[in-house]
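Single chain ahead, by itself, as structure tokens, in the form predicted alone.
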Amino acid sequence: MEQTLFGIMMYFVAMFTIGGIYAIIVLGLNMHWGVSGLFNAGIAGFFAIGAYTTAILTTPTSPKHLGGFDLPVWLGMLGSMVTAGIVAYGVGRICLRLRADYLAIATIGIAEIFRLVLKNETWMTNGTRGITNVPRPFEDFATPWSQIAFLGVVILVVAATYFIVERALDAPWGRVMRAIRENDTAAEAAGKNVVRFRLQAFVFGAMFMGLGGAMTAHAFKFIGPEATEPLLTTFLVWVMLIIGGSGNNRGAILGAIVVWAIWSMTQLVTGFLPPDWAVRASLLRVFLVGLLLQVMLQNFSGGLIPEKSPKIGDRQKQTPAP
């Protein structure tokens, strides 16, 4: 009985750890789509850049891949955000003048280029074998305290990310971004540099996607091409945002936890299936998530926690954006 309870506890610790990491990525996507109206379908690229950057910076010296600088974990995560932000700036300068579906196509293509480069440049990333021995905070603690302590780190990072994003959206900058999302022509006519503001939001959101990739690498102590597949790092993140509530940061966090709980719990269901069906488990999981998305879109178009417009009194308190 004690072993069963211990197993259940460890399962929920792992589930909330990965769910919290997804919440960071979804908050980044909310900056793109929910706040700015930028259709970024290349999340996997920024995720991969962040994950490989921290792996190269924090792992011990190895002849199998670039780097092995053995830096502290916090420096690796900071480096992943900076690298993802620099790459996002270059991508944004090229793509952000495109509209809606054209931007989505461009970001998909660029993300796949990044992923394939990281997969095939063996000297840099060890190719399909990936980078191992990625350090994890508190890994020297005994089980289960090492996993619980890392969950605490994830919760702190989610809280810090939420605080930063909320502060940005409550500021005049956030109001300008919402105005651009609703009507970029009117915002431009009011004297706002639409391209510059969009570029800022694009870089801002991509940095958190890179941070999510970095924390994933530290959570699994490994990063390889399979971990950056678009199914897990683009499709699932979009579903989380839509179900949670686009434009609402609390909804983004809730959507990440709910969808990841459904995604991970289907693994338990597949254990009771016949062998032939167990092989098709991944397809069943995609079907269930897709079905949930359809139900949500038909019954709760705004998500579990819809976006709320600022009150008139709050608007009057805001100072105009520069």
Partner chain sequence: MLEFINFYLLPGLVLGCIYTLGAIGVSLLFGIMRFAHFAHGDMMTLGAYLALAVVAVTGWPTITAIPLAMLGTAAAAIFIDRFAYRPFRASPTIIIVIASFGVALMVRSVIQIGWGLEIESYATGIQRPLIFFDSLRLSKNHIQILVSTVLLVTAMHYFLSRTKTGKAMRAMSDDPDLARITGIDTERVVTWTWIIGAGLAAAAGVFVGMDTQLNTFMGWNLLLPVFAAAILGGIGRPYGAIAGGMVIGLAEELSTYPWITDAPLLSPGYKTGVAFGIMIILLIWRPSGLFRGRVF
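Remember, predicted model here, so these are calculated numbers, not experimental data. Whichever C-alpha set is largest while still superposing within 1.5 Å between the two forms counts as the rigid core. Numbering follows the first chain given and starts at 1.
The same protein also exists as the form predicted in complex with the partner chain; that form is not shown, yet it is the one meant from here on.
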property	result
Interface residue in the model of the complex among 95, 154, 203, 169, criterion: non-hydrogen atom within 4.5 angstroms of the partner chain	95
Contact stretch among 189-197, 137-145, 70-78, 117-125 - heavy atom within 4.5 Å of the partner chain in the model of the complex	117-125
The partner chain in the model of the complex: contacted by all of 41, 102 and 291, heavy atom 4.5 Å	yes
4.5 Å heavy atom contact, residue 268 to the partner chain in the model of the complex	no
Heavy atom of residue 234 within 4.5 Å of the partner chain in the model of the complex	yes
Touches the partner chain in the model of the complex: residue 176 (any heavy atom, 4.5 Å)	no
Partner contact for residue 86 in the model of the complex: the partner chain, 4.5 angstroms, heavy atom	no
Contacts with the partner chain in the model of the complex - residues in 151-166 whose heavy atoms fall within 4.5 Å	none
Rigid core superposed: residue 294 CA moves 2 Å or more between this form and the one not shown	yes
